[in-house]
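Next up is one chain by itself, shown in structure tokens, the form predicted alone.
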Amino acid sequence: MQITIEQTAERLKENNDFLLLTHMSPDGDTLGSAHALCRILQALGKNARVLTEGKIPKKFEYLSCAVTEQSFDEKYIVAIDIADEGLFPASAAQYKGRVDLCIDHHISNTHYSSEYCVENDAAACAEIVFKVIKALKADIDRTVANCLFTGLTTDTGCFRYSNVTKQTMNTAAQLIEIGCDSYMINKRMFEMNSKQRVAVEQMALESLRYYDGDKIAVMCVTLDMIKKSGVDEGELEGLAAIPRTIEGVAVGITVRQKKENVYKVSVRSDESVCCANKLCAIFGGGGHAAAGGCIFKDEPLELVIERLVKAAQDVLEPQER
């Protein structure tokens, strides 16, 4: 059942022993939103902890400073920025079918939780968590503001994407007024890369291929590239946006190999077509109009690419008439 911001705050007041779930291949929004809410719940005297997919990526390590490690038996499960149970990491598999509350902003949310607070017009889950914290009448300190700003800036590409609204900018302004370190966060997210990250990006760019009159661009990141570069898994975020930045490309597709014949696909589409979620839905995924994702299993890379390109062509064709 869909519930309001105020009702979401009431559920958090009424319950205790919170486990906050984040999605696989965690980004700044799921991590920032979860750690912000966790800190607030702990400040309210409740038990809360964040469950992630393994170790937090290095560039997001500062977020973990927001919370205190706690040990307890979880009683109330909250999914943060997770549109579907298929996006649960292996560490959260046991909680499928057991989620009490989902806070999310994806239009493709499958309403798998008992209750959910989903606002499709929010640019980031952090916008919604910010409103929930306000409804809790809890104090937002600099640490919480840093967590929320991380979610905002990463899910909007440093406020460059078409999902940015007046509400997004107002939220960012309030977080800056509170004292978040916007300069540090944006520099860390968008202007700092290790030599290993540069190496894997170079190899990925060499895989770039164009289709359909150069309107579709596909880039691959294989396990071999990751091994040769020595890049940390957490540094791969951001690669998905590269194909779409190329002039003339309407649909950018990045295929990242996770295991043998298991591929995570990220799709970015131009605002003139806004078809990313439609394309990903064909393969059991979802997301937003301009950004989506899906998973392929037990298929070779060349077939994955072939199917994705065909689907992209089918989605683009009616919009070009």
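In this text the structure is predicted, and so the values were computed from the model without any measurement. Don't overthink the numbering: it's just position in the shown sequence, from 1.
The protein also exists as the form predicted together with a further copy of the same chain; that form is not presented, and the subsequent description refers to it.
Asks: Give a yes or no for Asn170: in the model of the complex, does one of its heavy atoms lie within 4.5 Å of a heavy atom belonging to a further copy of the same chain?
Replies: Yes - in the model of the complex, heavy atoms of Asn170 and a further copy of the same chain come within 4.5 Å of each other.
Asks: Is Gln94 one of the residues lying within 4.5 Å of a further copy of the same chain in the model of the complex, judged by heavy atom distances?
Replies: So Gln94 does not count as contacting a further copy of the same chain.
Asks: Taking any heavy atom pair closer than or equal to 4.5 Å as contact, tell me whether Tyr161 reaches a further copy of the same chain in the model of the complex.
Replies: Tyr161: yes, in contact with a further copy of the same chain in the model of the complex.
Asks: Given that a further copy of the same chain is not shown alongside this chain, does Glu247 nevertheless sit within 4.5 Å of it in the model of the complex, heavy atom to heavy atom?
Replies: Yes - in the model of the complex, heavy atoms of Glu247 and a further copy of the same chain come within 4.5 Å of each other.
Asks: Tell me, please, which stretch of 118-126, 210-218, 97-105, 72-80 lies within 4.5 angstroms of a further copy of the same chain in the model of the complex when heavy atoms are compared?
Replies: Contact-bearing stretch, as computed: 210-218.
Asks: Relative to a further copy of the same chain in the model of the complex, which residues of 198-216 have a heavy atom no more than 4.5 Å away?
Replies: Stretch hits, in order: Val198, Glu201, Gln202, Leu205, Glu206, Leu208, Tyr210, Asp214.
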